[in-house]
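Consider the single chain below, provided in structure tokens and representing the form predicted alone.
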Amino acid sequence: MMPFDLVEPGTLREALALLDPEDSAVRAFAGGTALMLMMKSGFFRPKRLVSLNALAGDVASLSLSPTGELRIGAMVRLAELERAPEIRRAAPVIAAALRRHSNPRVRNVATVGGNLAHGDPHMDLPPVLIALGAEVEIEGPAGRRRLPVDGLVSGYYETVLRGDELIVAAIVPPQPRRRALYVKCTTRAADDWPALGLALSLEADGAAIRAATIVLGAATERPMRLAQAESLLAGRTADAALIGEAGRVAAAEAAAAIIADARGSSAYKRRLLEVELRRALARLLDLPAAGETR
């Protein structure tokens, strides 16, 4: 490993001043779980690493407003997020998803901001946050701005973050009438990288669906909203036939974007999407899935 400078600023302003938008070898890090692997493999050779671990205040705290809005600081550890009572009250799907995210050693170190900024399509948290309509708060030289999590990742391990910007927090809006679920399909251990991740959020009264958000992860280069399947469900009363149709529409919609890798062929993942979406919808709506009986 080549020598590099390691600095640990005490404030967010100091951290931003140490970044260099013109030099990709200067990078901020929090937990560093992914960064260390990239350095060990020689994929990334840093000139200067800016540790964010000394940052405190709102960037490292979690709060739930009286209206039900969650504000999750970028330096909150995934293990803390998994156990937080605020998360279990306002968005229990986040806690449920994190129980199978990697392993406890990684969750004790990895942070929310690092998880989102890394741009890895296999991460479990981004599809869940997209399904919940979350935004990220970003700070840079021009001040703070908000961006939907759905617009953060621009490609394979790529985000729209500039080299002199940092994620400060993730903001999850109130979820008063929504039911949410995350499905993680692995071909090896339960906490391994997923072959497919599927996040759903429904606004429904019984089987009557007012609105649906469906996000596909891991099988594509970036999290993907399945807009055609969402439109099919919106304003409909669900039954086994509609659920089966939604699975088929989703698989066809995502077909061109799904990529093959060591965890499965594209055909396998398309079929997995169809079946798992059908099952997830049935579970959320307390209905039998198409082709299944209770």
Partner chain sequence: MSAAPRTIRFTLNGRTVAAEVAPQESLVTMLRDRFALYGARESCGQGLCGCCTVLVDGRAVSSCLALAALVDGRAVTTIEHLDADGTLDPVQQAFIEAGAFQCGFCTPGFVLMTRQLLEQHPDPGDDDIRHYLAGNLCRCGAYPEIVQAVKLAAAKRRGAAG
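Bear in mind that the values here come from a model prediction, so they are computed numbers and not experimental data. Numbering follows the first chain given and starts at 1.
Below, we turn to the form predicted together with its partner chain, even though it does not appear here.
Undergrad: Going by heavy atom distances of 4.5 angstroms or less, which of 99, 179, 162, 145 would be at the interface with its partner chain in the predicted bound form?
TA: Selected option: 99.
Undergrad: Indicate whether the candidate residues 95, 175 and 225 are all in contact with its partner chain in the predicted bound form, with contact defined as any heavy atom within 4.5 Å.
TA: No, because 95, 175 and 225 lack any heavy atom that approaches its partner chain to within 4.5 Å in the predicted bound form.
Undergrad: Decide whether residue 89 counts as a contact residue for its partner chain in the predicted bound form under a heavy atom distance cut-off of 4.5 Å.
TA: Heavy-atom contact with its partner chain at 4.5 Å: absent for residue 89.
Undergrad: Is residue 209 part of the interface with its partner chain in the predicted bound form - any heavy atom within 4.5 Å?
TA: Close contact is absent here: in the predicted bound form, residue 209 is far from its partner chain, nothing within 4.5 Å, heavy atoms only.
Undergrad: Is residue 109 close enough to its partner chain in the predicted bound form to count, meaning some heavy atom within 4.5 Å?
TA: Because a heavy atom of residue 109 falls inside 4.5 Å of its partner chain in the predicted bound form, the answer is yes.
Undergrad: Please check if residue 251 has a heavy atom lying within 4.5 Å of any heavy atom of its partner chain in the predicted bound form.
TA: Residue 251: no contact with its partner chain in the predicted bound form.
Undergrad: Heavy atoms within 4.5 Å of its partner chain in the predicted bound form: which stretch in 150-158, 197-205, 129-137, 76-84 meets that?
TA: Residues of 76-84 come within 4.5 Å of the partner.
Undergrad: Which residues within 206-245 place at least one heavy atom within 4.5 Å of its partner chain in the predicted bound form?
TA: Heavy-atom contacts to its partner chain in the predicted bound form: nothing from 206-245.
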